[in-house]
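Presented below, as structure tokens, is a lone chain in the form predicted alone.
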Amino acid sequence: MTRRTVTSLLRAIGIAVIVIGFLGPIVWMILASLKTNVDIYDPSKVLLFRPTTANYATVFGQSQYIDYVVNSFVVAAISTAASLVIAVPAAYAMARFLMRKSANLVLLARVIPGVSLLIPWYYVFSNLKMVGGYFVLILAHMFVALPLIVYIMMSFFEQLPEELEESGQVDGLTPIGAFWRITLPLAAPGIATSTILAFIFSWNNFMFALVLSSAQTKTLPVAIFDFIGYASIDWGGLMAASVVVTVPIMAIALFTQKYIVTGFTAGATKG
């Protein structure tokens, strides 16, 4: 073999290993959602088995499951929108006025483990009789989304030349008008990227919803726990519920991947 052939072969093997490592658990989850609990435990029926939709009937047979879907969407959508309203102007100010200390403070909020805040939040909000409501969940999810959006958008605003805004002000625009009419449209790829990622992180968030939600505001990741009992686990129902949670996010990631890639590459350079 030539050196180029060996390199191509090793690269193909490496790509295959990565693809199997990422897709293997997802394929197993989908297959397990179509099996009975007995078949899931049977090693001889990993690939060859009689499919059943009983697990999905169990999942959607729950009277409140549609409510869990609505709860997840409401919390993810409102927390993402509220984070954008706050984070985009904040990122612009930090980028234009070189507010590095403020940026480091935002980074600190991003680095702090969320679990370290759960007990103080629960104590405060429980005394305020707010635990279990949408507001607390949205506020907790914004804690994750805000720093993410700020740091994505800062890179976009830093690469946009200030001369564009100055020329707009020469033509009669106010600084806010220049930001709204010139800078913001040019930063659309970054806004799209941060919106998609913030929504995905909020949709998948389990820890905050587990502690701060109630039976009325329970989200999908927490609802999966209903299939885990004290003495047994309904693996078929658990895998079907996991598919229901995962498929919307996979679809969003699949159809918006070009925007995510464009957003990251556009914000990766300056000048």
Partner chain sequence: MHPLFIPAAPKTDPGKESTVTRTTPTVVSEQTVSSTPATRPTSPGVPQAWSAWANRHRQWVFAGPAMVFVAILLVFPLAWTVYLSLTDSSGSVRRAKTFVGATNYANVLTDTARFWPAVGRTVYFTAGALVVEVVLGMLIALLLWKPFTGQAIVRVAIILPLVATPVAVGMMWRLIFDPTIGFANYLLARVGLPPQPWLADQTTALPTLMFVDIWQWTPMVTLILLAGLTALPEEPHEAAKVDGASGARRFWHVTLPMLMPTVVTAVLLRGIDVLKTFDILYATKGLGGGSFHEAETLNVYAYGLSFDYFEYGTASTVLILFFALIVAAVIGLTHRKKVTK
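Here the structure is a predicted model, which means the values were calculated and not measured. Residue numbers count along the first chain shown, from 1.
What follows is about the form predicted in complex with its partner chain, which we do not show.
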query	finding
Its partner chain contact at Thr58 in the predicted complex, heavy atom, 4.5 Å	no
Its partner chain contact at Gln216 in the predicted complex, heavy atom, 4.5 Å	no
Contact flag, Val69 vs its partner chain in the predicted complex, heavy atom cut 4.5 Å	no
Contact test in the predicted complex: Val211 vs its partner chain, heavy atoms, 4.5 Å	yes
Every residue of Pro51, Ala77 and Ile149 near its partner chain in the predicted complex, heavy atom within 4.5 Å	no
Partner contacts in the predicted complex for 108-124 (non-hydrogen atom within 4.5 angstroms of its partner chain)	Leu108, Ala109, Arg110, Val111, Ile112, Pro113, Val115, Ser116, Leu117, Leu118, Ile119, Pro120, Trp121, Tyr122, Tyr123
